[in-house]
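We give structure tokens for two forms of one protein chain below, kept apart as structure 1 and structure 2.
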Structure 1
């Protein structure tokens, strides 16, 4: 699956009232060989990632690496400034007073990890303040929407309608140029 942009491809979207219906429809559609473009829900629905076939997010690894960078940067900064660049005798403590460097190194670990994870989240989700995207009706309120790709003639709308109906779809819309 791509990152969510679908240009010049027709789509079919079905509205549902309950998340169970959405999940059932997604599972069936996938089993029937339809290509799921995305699903839209008013809150994170558990089990939906698996139903639409999403792989676990790699964000945790990014956060881990970012944290390690923060830790390294924090230690390097303190050791370089206090031991090499400006060795300052404070109360006879050793220049490399390593245990006293732990708090700042820890804070920088958390700071790097948090900031970078959030930046990556925003970038990967393409969230930015001037974003202009199509938002389905009431999907930020109480509706659940499943979007199938209708890429070519092999897309069988009748077969899709059967699946949607069985899952209790409220209405189905078709459109092109999904942005």
Structure 2
């Protein structure tokens, strides 16, 4: 999706006081056929991913693959240096003594997994150093925000307002600068 396409999209955001209200509004909005752009909360909310229709994250698989790469790199580095490149006979022990390789291999597993997972997370969510994102008021303190996407003229704001009122929305704002 290009930047020109994003400018034609409008968003409607509703503020809620309680997480139960947010989940109820998200479920009702999805059932009514609205496209949910995102939900913003001050802390993780159990069941919200199901309510907004998110698929399970692939980040765990990326971290697993990155950890396996780190493990392989750690073992390969140690085997290469200990067995092939510069073998040292220390106390008559074999050159490929795997118990000695465990600490370095473990540390590289954790390092690769953590760094690559964080980099993928930041890149996937477009959280660059100088990105200009709208931060919703009080969402880091005590408010919950549900953002609906209005791609075309078929978006019924009155129907959305009814859903938000039933769920107990405190405030509803509209705009195109929420992404």
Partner chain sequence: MSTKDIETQEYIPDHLLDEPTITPVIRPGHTFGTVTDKISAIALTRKTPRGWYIGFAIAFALAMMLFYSLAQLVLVGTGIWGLNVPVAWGFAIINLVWWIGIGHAGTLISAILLLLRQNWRTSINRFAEAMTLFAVACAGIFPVFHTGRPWLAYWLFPYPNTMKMWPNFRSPLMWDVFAISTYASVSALFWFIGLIPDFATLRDRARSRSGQVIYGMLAMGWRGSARHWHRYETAYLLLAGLATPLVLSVHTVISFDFTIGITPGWHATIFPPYFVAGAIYAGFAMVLILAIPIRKFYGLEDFITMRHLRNMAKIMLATGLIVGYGYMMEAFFGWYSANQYEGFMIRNRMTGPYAPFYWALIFCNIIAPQILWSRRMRNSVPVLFITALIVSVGMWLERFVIVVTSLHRDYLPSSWGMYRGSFWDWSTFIGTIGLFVALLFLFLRFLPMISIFEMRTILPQAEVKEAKE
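Numbering follows the first chain given and starts at 1. This structure is a prediction, so every number in the text was calculated from the model and none was measured. Take the two forms, find the largest set of C-alpha atoms that superpose within 1.5 Å, and that set is the rigid core.
Worksheet item: Between the first and the second structure, which is the form predicted together with its partner chain?
Response: The chain shown as structure 1 is the form predicted together with its partner chain.
Worksheet item: Does the C-alpha of residue 54 move 2 Å or more between the two structures once the rigid core is lined up?
Response: Moves: no, less than 2 Å.
Discussion item. Taking the rigid core as the reference frame, tell me whether residue 127 has a CA displacement of 2 angstroms or more between the two structures.
Written reply: Comparing forms between the two structures, the residue 127 CA shifts at least 2 Å.
Fill in: Rigid core superposed, the C-alpha shift at residue 100 between the two structures in Å
Residue 100 is displaced by 2.4 Å at its C-alpha.
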